[in-house]
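Below, in structure tokens: the form predicted on its own, a single chain.
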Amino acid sequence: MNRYHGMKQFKIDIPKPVKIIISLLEQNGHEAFAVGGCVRDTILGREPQDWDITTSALPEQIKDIFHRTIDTGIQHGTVTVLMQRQGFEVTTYRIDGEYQDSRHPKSVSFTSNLIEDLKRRDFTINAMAYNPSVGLVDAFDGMGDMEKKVIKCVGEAAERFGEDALRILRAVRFSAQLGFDIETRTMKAIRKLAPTLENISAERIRVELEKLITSSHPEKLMTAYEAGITKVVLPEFDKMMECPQNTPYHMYNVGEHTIKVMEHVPATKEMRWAALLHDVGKPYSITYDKKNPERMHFYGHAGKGAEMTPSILRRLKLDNKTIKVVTRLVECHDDRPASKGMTSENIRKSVHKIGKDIYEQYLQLVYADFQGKSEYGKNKGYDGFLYEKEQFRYILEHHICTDKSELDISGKDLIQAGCPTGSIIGDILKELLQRVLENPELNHKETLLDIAKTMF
């Protein structure tokens, strides 16, 4: 094992099940190391999501040693070992054959040499291995690149990206998650090979794109744009980057404004997608002011964006729940109920229209939208936003009715009071809700019944 010149003095705290798996493989005459992202994240002080193990043992030998295993990718040398109610992927050292489709090697052959296995990995920071007896094996200076805060390919960047084009997007994603820059030669290869991302499935693209935009550095989406990546995976963003905003409310183009908004919403999937797409309709909604022909307007851009959002997110294979919430937020993000008058009634009607379930997210998006505007735009209407926020808190704290389901009366109550069955029940409940939105004190069963009886 000493042939790898591991940094023996380097200690990493690895979970007990991982130690046991490595130890049992070594006791049976094989090499074994924790490898890849788990090593990188532990060194950086981040919590690893998974612990992967690489070994000189062949898949059948792994299965002989461990009684509880699953053949998760045995043709590629991967066996999942079940230990202490957890699954750990254990993969035989391997060398990939020639790649033909920017995704899959024509063949996979096993090797007994750890360095040969590490050579095929994407980035230097992901090509480190560790076990307690040898220490850290870092043949490609991943530690040095972490200290320099750079993303750099193992070996020739063009070769690594040619093996799997998704690595092009992964480079930007790691840059966003870690706050690192991309090394010059690696970036040059990204720009050249970005078009090959069209060979990658939408599901794999979405996973990486989502990790990028929900990272602590969503502004790295600009790197993806400058490298020609979004032209392939999210061409709508390129349209936004090419769309100026000649209006006193703004100081950035639509794409730059969008980045600022993303930076100011919570890093959840729903909020970052909503921020990314909130102005996607603007390039298709441009009109020019009659009095000042240079000034632009974007009337109806929220509605246009709401039309576009479902097809964009379906193309990227997002789940239906996220698509629905994001579309609703895009559609309502430009609503400004306080601009019609700072009255509690206007805010109640706004909560009814937008939905109490997403109103907090709506307010988060509106706040972020202000942060991406010019100083004039930030100040114009901000008092109204603060009023909306204050009134929504009041609505929640006092359990004020803003939806038919919150009325203190039901269709069953109406029928018992002698109301005919049929569509009239829905019509009456709708009218009762409108009256309660205007006057919340009416939301008492007896009061509502008295009003309802005048309608049938």
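So that there is no doubt, residue numbering starts at 1 and follows the sequence shown. Owing to the predicted nature of the structure, the values given are computational and were not obtained by experimental measurement.
Keep in mind that the form predicted in complex with a small molecule is missing from the display, and what follows is about it.
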Item to check | Non-hydrogen atom within 4.5 Å of the small molecule in the predicted bound form for each of Glu345, His352 and Lys430 | outcome: no
Next on the checklist: Given a 4.5 Å cut-off on heavy atoms, tell me which of 398-406, 48-56, 417-425, 66-74 is the interface stretch with the small molecule in the predicted bound form.
Outcome noted: 48-56
Next on the checklist: Taking the small molecule as it sits in the predicted bound form, is Lys269 near enough to touch it, meaning that at least one heavy atom pair lies within 4.5 angstroms?
Outcome noted: no
Checklist entry - Does any heavy atom of Asp138 come within 4.5 Å of a heavy atom of the small molecule in the predicted bound form? => result no
Next on the checklist: Does any part of Asn126 reach within 4.5 Å of the small molecule in the predicted bound form? Heavy atoms only, please.
Outcome noted: yes
Checklist entry - Quick one: does Asp41 come within 4.5 Å of the small molecule in the predicted bound form, counting heavy atoms only? => result yes
Checklist outcome for this item: Checking Lys380, Lys239, His250, Arg120 against the small molecule in the predicted bound form, the residue with a non-hydrogen atom inside 4.5 angstroms turns out to be Arg120
Next on the checklist: Can you pick out, from Lys231, His264, Lys211, Lys324, the residue that has a heavy atom within 4.5 Å of the small molecule in the predicted bound form?
Outcome noted: Lys211
